[in-house]
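Encoded as structure tokens, the following chain is the form predicted on its own, with no partner shown.
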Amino acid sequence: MNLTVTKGLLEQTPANVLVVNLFEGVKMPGGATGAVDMALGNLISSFVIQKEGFSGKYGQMYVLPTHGKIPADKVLIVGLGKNKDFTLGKLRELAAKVIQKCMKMTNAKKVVSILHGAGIGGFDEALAAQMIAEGTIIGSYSFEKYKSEKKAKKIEEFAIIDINEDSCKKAKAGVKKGKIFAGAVNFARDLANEAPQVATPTYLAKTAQAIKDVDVKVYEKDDIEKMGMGAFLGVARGSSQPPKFIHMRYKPSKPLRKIAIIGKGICFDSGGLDLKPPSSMLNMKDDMSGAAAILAVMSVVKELKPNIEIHALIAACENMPGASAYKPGDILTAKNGKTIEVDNTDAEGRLTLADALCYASDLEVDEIVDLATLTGACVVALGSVASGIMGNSQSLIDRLIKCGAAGGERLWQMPMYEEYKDSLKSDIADMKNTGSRYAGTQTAALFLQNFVKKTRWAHIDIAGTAFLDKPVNELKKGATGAGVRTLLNYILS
């Protein structure tokens, strides 16, 4: 889809679908919607509003044929809801609903839209345009690689039209940023939606190596053994797929700070010898969603040009119940020398992250952020609308929560009370890899903290937000690209 911004009059622009809006309760449209109404002989005000009862409630839509009165075939009128309740997040979601509606129409190859929210909505033109771009691209996403019959209709062109030159200039900047953010989200969704026999550790490594303008080092099994990553290798033992430790680096000439971002890279999680039940294994191809998000961020970082040095790390492997699989009762030794008693082989992600956190700490970065589909407990606690966040730095946690909110991703801080540590105690090793069945999200974070030195660190659990069983906001069913927008905003903050 070609997404552009053009200076012009909405009512004079040729299109298959012309998108205008109304706030709830408006009886006589103004601005660009009012100009379209006048060009249509007041059909919006006298017919759609008065006779058809269009109220402008949020998400309400009405398709109006133009009968040749303007160069557009149809006008799509969308409700913005109450002015006081309209937010940038709602604008992003609305843009997704609009493009999905257009995709269901016949012959909707060119869609022309008003710059929603920039008039009486009061939003900055650049931010409004960014939200429209994000919602449009994210909302039009479909993963149909393996379908013999492609059902999703393609919109060829989506143009935002505004009469003001300065507004167009700001909108173009917003669209550019929105396209980068949304493109990264869809990049991650493609990876997490991919079939697990394709998206192996080797596939992730090759994906990293294909990213331009980023230094990439892929460590093979022998290298990983030499580095002493016994926890990571323990998890990898049961699979015929070789593990890969991936280190990507972006470094500007004079970076202001140095960070590490880590993504959990379990390409398929069977649970190992503590085998998951079939129903719990269905979507375990998404257990590398953290890695997918990291790869997505690094795929666009050169375009955003942040003035910070970024180290992106992925410990990629499969957790399978093969003949060499690690067993409950095994003792694993992490990169920092700490020993771990395996209490449950289905608590594997924290073991791979443990060695990745040790590696990141040795890089002497200023901050570390890890992203992982880590615990079912987080799904129980927060569902699919928020990710859990914990860490050793309140200022870092607060910044990430703010960055998530700006990207439409909710983060909710969970406590890391000292009392939870008792359940991780082992009689024969430094710790166990699981605690009690209570406070599972927090005990997992406390386990991870053992592998961070004194670096500021935050852990984001995206177990509930990485994959959806039904559409939520601008996202369809399936992989969501959770964490991508949060990390991009964090890198730019």
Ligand code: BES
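The structure displayed is predicted, hence computed values, not measured ones. Numbers follow the displayed sequence, beginning with 1.
Another form, the form predicted together with the named molecule, is not on view; read the next lines as being about it.
Student: Select, from the options 158 to 166, 77 to 85, 381 to 389, 342 to 350, the stretch whose residues sit within 4.5 angstroms of the named molecule in the model of the complex by heavy atom distance.
Tutor: Selected range: 342 to 350.
Student: Counting only non-hydrogen atoms and a 4.5 angstroms cut-off, does K264 reach the named molecule in the model of the complex?
Tutor: Looking in the model of the complex, residue contacts with the named molecule include K264, since a heavy atom lies within 4.5 Å.
Student: Given that the named molecule is not shown alongside this chain, does T33 nevertheless sit within 4.5 Å of it in the model of the complex, heavy atom to heavy atom?
Tutor: T33: no contact with the named molecule in the model of the complex.
Student: Counting only non-hydrogen atoms and a 4.5 angstroms cut-off, does K276 reach the named molecule in the model of the complex?
Tutor: Heavy-atom contact with the named molecule at 4.5 Å: present for K276.
Student: May I ask you to state whether S45 is within 4.5 Å of the named molecule in the model of the complex, using heavy atom distances?
Tutor: Answer no; every heavy atom of S45 is more than 4.5 Å from the named molecule in the model of the complex.
Student: Considering non-hydrogen atoms and a 4.5 Å limit, which listed residue (D287, D370, E318, E409) is close to the named molecule in the model of the complex?
Tutor: The residue in contact is D287.
Student: Considering P71, P252, G376, G183, which brings a non-hydrogen atom within 4.5 Å of the named molecule in the model of the complex?
Tutor: Comparing distances to the named molecule in the model of the complex, the residue within 4.5 Å is G376.
Student: When you measure heavy atoms, are L10, N21 and E125 every one within 4.5 angstroms of the named molecule in the model of the complex?
Tutor: Not a single residue of the candidate spot has a heavy atom within 4.5 Å of the named molecule in the model of the complex.
Student: Along 420 to 437, which positions have a non-hydrogen atom within 4.5 Å of the named molecule in the model of the complex?
Tutor: Contacting residue: only T434.
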